[in-house]
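Same chain, two forms, each on its own as structure tokens: structure 1, then structure 2.
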Structure 1
Amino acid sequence: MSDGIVYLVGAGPGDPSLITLRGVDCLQRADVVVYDYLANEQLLSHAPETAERIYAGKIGGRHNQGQDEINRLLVTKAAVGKVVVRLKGGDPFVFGRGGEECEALREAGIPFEVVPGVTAAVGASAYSGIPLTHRGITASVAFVTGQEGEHKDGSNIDWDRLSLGGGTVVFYMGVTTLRRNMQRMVEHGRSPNTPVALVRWATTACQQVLVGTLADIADRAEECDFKPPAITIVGEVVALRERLQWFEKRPLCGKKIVVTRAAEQAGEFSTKLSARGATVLECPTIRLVEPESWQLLDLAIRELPGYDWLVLTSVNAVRYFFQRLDTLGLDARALAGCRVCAVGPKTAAEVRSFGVKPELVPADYKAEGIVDEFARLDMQGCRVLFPRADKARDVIPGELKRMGAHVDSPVAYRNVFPERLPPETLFALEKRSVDCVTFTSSSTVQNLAAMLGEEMMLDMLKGVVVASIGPITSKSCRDLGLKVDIEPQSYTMDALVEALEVHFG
């Protein structure tokens, strides 16, 4: 008997963070992912790189694959022992034809599981600031297909009860039939002054909301060429949007931003951008790995009592240094006679997390600023340990040596190219749907140019806002032909986030 199984997973309404933990768990174990047009492509990153990805969606009424073909595909893949994830926009059992797929699987003897998702009506309601129910306004809500047949006699909808019930009515997939559906509600007794909202691409950076009434919403939609996919919300609750909308008020709402930091570093920065409304595409152009040999760093660590200063210029340097300290059976006590210079508040905080208080935290985070701080001290004859990245600039050790210090600068970690760039990011760049790309070091921009090719990178970033964390990174951008649009005065991630807010605000 085959061990294959099909998981029908609700992908949610668009925002990739709205998928359930169970849905992510299923994707992480998938051998095959069969996904829809309305399933956010970022969710595919949860699946193993080896997983087969099959697009089975529908755009504007044109099926890439018919439902019968999809059913056969699910059965065929699972029958040979594959773990198959059927990734469906919204919820599989709310206008998702999930029931039909389950029937086909049951008939074929294929085990399946249904993982609920946030359905489009709920997502559109929350992200547009329109409660589907509200005390004193309405206590009921109906979900209705917007794609009924052309003739009333063929309708399965009880238009009298739907129109006269007074509750909120949500039409799915109803943009192309908007005028007819609104007219039917008026014909069956609903006031033509009833508020209506169209919510397009709900919960995503592309979300658009158009408000009107049963009498005029179709005209408004035609005037602005309002396209599917969209949810139509009908009811007095729509008037609450004026007070309750929040999504569009975030400073980076509607902006798609590429983050080029190393995967292990991107999280906090990406989270801050997302919290301000941006859609974040993580595109690591750096992978951090151990040095080819620990020999020089190990030798320096064993001689720590003989050093006067330990200079740590990044969170990465801190982590790799203390990790090696631990590997050699040592801890913070080994630094008892050595003063620590930590460059930047984040680096200083990371040093403190290991129980060490930095003696020097330069206000200027550039190498030149660090040198200026040491120039105020007597460095003649001092021994300095500077654990660094393999491609770090030589400014600090070179200038300290000129001051009379003896400097050892062993490699603590290396920056290498990732094996490939994320396909969802490449797709967004090719579609010209990216608003901004951020570079947080010279390596991030240089590596992106190396991986894409300089000409292709310049072409893909035409019209895209370039944000650089500081002057050294900005110079690297300009050397490659990029125009830098954003550079914060303080060279920190928080300052870069604030600069992005100001620029797009």
Structure 2
Amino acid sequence: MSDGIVYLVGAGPGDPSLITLRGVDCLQRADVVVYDYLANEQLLSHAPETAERIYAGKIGGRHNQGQDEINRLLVTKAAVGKVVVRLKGGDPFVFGRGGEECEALREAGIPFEVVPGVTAAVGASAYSGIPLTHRGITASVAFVTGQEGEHKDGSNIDWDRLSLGGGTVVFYMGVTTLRRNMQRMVEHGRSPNTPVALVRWATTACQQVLVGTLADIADRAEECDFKPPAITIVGEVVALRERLQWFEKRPLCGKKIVVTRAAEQAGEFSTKLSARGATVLECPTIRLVEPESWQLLDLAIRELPGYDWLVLTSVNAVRYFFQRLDTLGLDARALAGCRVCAVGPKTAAEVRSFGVKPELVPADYKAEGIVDEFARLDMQGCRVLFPRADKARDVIPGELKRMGAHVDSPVAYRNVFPERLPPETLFALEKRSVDCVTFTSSSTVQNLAAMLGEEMMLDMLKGVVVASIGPITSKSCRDLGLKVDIEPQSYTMDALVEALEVHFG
């Protein structure tokens, strides 16, 4: 007996977060993933790295021969005991040939399960603000292929009922046949003034919506060279879009924004930008690595009871410091006699996550802010531990020493830069399709310049909006010849997101 099984999984219409939990669960267990042109490739990241990934588009597109080959592939892989995920755009059983694949599997005696997905019509409906049914307007909806009848003498579609029934009609695969199908509906009795919407690449950042009527939508589509894949929604409900559209109204909709943070930190910032409609291009410019030697930090940690203050100026410093504490067999109790200063709310939250409450968070979230706060205290003879990055500015140790404090600033981690940019980001920069680049520390600017070469960076960022988190980063930008367009009043990610909204809104 083998454990081979095929899961036909609906990938949803495009937005990778629209897959079901069950779909993700199947992907996580997959040995083989056979995926379609319309299934978002980002979903493959749910599968184990070791899983075999096979693009079904290569196997044969829409032809029957190709379909036979896909069926055979599913059977052979599952027959040797593999867990196979057949990942299909939208829902497997809505114009997805899922039924045919199930028949082939059944014949071969291979077990299968079907996981539904958000079909394109439903995805397009939600993301274009066009309810498919609406009380008082339409009580039924039909999903219809736009290709039926084109290659055959007769048609399986009852055009009379479809046209006169008054319900919403959604055509799949109907861009190339748009004119003919719209004409047919009018010929069979639907009013030529019936509103129609074409929704292309629904639910993705490239979503495009074109609205017209049965009489003029084909002309309009031709005028702007409207291309597949798109859904055609026909019915009075289309008029609701004017009031109900939300997707395009998000403040950063359609903006391509490069995020230059360290890979492990970009997550939250990127999520916030995406939630506001931006397409985020990750561009890690910083890789964090251990110091060349732990010696100085270890020495300081062993002498923690002798320090009056621990100063932490980044989330990373917090993480590396507490990790090292742990490695040395210690925990938060080692800080019992020591007060803690965190540079800003994020750093403070990170400190709290290790069970320690910072005594001091300056009003101004930067090194100068910390210095100002300490200037109000009597620092004479105080011992301060300041675990820092290798390329940190000298403001804190310098100023605190002037106040009479003893400052030790061992390196807790180093910033190095990755050798190259992710291809997608480089491609977008080369194509000049980027709207904005964000810098959240001096190293992000300096490293990008080092990765691209200064001249190349300046050239690629011509006409691109430069957003910097604060004055120090902005100065680093200007030192390299970049003009800064956006700088929030307070130096936080949230403030930067807000400033971007204001700028592009």
Ligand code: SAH
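Please note that residue numbering is based on structure 1, beginning with 1 at the start of its sequence. Everything numeric here is computed off the predicted structure, so don't read it as measured data.
Enquirer: With both forms of the chain shown on their own, indicate which is the form predicted alone.
Expert: Form predicted alone: structure 1.
Enquirer: So the chain moves as two rigid parts between the two structures - do Phe226 and Arg432 fall into the same part, judging by which superposition fits each C-alpha better?
Expert: When each C-alpha is assigned to the better-fitting superposition, Phe226 and Arg432 land in different parts.
Enquirer: Degrees of turn, smaller rigid part against larger, between the two structures?
Expert: About the hinge, the smaller body moves through 21 degrees.
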